[in-house]
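A single chain comes next, written as structure tokens; it is the form predicted on its own.
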Amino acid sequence: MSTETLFRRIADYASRADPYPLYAELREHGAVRQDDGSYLVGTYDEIAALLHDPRISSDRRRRTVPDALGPGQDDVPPAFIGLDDPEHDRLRRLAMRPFGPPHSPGRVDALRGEITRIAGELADGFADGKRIDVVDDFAYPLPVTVICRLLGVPSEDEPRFRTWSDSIVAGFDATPDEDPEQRLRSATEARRAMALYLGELAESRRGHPTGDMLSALVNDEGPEGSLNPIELMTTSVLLLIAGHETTVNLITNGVLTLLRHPDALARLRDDPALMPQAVEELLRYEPPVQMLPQRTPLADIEVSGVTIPQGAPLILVLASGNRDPLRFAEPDRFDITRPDNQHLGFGSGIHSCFGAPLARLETQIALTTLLPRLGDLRLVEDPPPYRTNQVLRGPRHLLVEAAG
């Protein structure tokens, strides 16, 4: 089969349960041009170098040809994840002030008790022997509750965000033979609705700080000033979406992987102190973010002997790099004690995942909470039904029931 159709084959829903053979095909070539004019890169060293290359832009507006994800959302300003320095650096630093070091070093760790309590309450539903959907009954409600509490969203408004989030995330889909305009229009409308809600909620706390992140973003002014109303809305949407969508997949992929690897599950049950290492291996082995589709060369660059022209869509397939045998010994083996595990699960460089500390903490607590129960459960369906999205990959449902 032609490598020029590789992205279409990866995007095909039939590949969602196991895209790794296609990633192996990609690594054989290093970098390949697709029939839509985009370029795929799937080898670890090349991806790592490009993530640190100042000639690579994260701003889709720098593209000179259409990309695999369809037209951009020009009427909705991008959040800082889709901008380059110096603007990216300014907005990221403003967002970091109330979230983590050096200004708020205890913000994430202070959530440990609340996360443990929420996870325990959700896990209690696993005890009565009924069939459980790990996604709907545990992996989704845990991080969405945590990020809403962190931002200061009232609990009665939390259900709104699932509909909005589903539409926004669907905007990343690049399903062949589907009209992208309707999908992107729905994503834009959902993003706008969420932005207006969060912007109004934040403004209601201006001058009346309540201790949450939205309150801090409108009331705490650092050396760089403060976010303007549009920046506040786009940043808040990014924090909410990034704060739960990837973690849902990471937790769900973790449960699925442990149930498929009973030896690893038994070892973790005997020694829960290995959980931080196990989560790092999950980020390598089954990363929730499979690829970064929004990269653009600002000049002609050469990757693995292939010249990628200025302005062409560049897709960095992180999950392929994580299985590169030139970087990881036995890369297709799940090893919870793997040494030197410098995976690409959270990206790298200036755009490395902003919420990585929170995602790690939530997943460690979630899986540790479930450990006593997982040994008595079996998968109802394997492979489970996956979400259509090929960028943020994870099961849409994960049904489990008592073994025996």
Partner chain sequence: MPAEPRSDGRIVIVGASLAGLRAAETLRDEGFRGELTLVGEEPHPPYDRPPLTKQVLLGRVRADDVGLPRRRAVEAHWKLGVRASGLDPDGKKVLLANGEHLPFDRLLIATGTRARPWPDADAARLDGVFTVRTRDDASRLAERFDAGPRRVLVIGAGFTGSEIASVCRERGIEVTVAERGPAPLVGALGGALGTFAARLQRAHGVDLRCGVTVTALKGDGGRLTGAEFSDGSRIDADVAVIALGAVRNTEWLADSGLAAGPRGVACDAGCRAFDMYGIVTDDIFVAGDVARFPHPLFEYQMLSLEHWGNAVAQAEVAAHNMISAGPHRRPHLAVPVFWSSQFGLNIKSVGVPTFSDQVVLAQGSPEEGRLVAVYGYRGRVTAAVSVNRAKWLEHYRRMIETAAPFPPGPGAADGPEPAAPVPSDVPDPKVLSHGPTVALTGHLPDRRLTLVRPGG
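Residue numbers count along the first chain shown, from 1. A quick note: this is a predicted structure, and the numbers were derived from the prediction, not measured.
Omitted here: the form predicted together with the partner chain. The next part is about that form.
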**OP:** Considering the partner chain in the predicted complex, find the one stretch among 82-90, 198-206, 212-220, 225-233 with heavy atoms no farther than 4.5 Å from it.
**Re:** 82-90
Original post:
Is residue 352 close enough to the partner chain in the predicted complex to count, meaning some heavy atom within 4.5 Å?
Top reply: yes
**OP:** Report yes if any heavy atom of residue 54 sits within 4.5 Å of a heavy atom of the partner chain in the predicted complex; otherwise report no.
**Re:** yes
**OP:** Mark residue 299 yes when one of its heavy atoms lies within 4.5 Å of a heavy atom of the partner chain in the predicted complex, and no otherwise.
**Re:** yes
Original post:
Heavy atom to heavy atom, is residue 48 within 4.5 Å of the partner chain in the predicted complex?
Top reply: yes
Subject >> Position in contact with the partner chain when the complex is considered in the predicted complex, options 62, 29, 373, 378, heavy atoms within 4.5 Å >> reply: 62
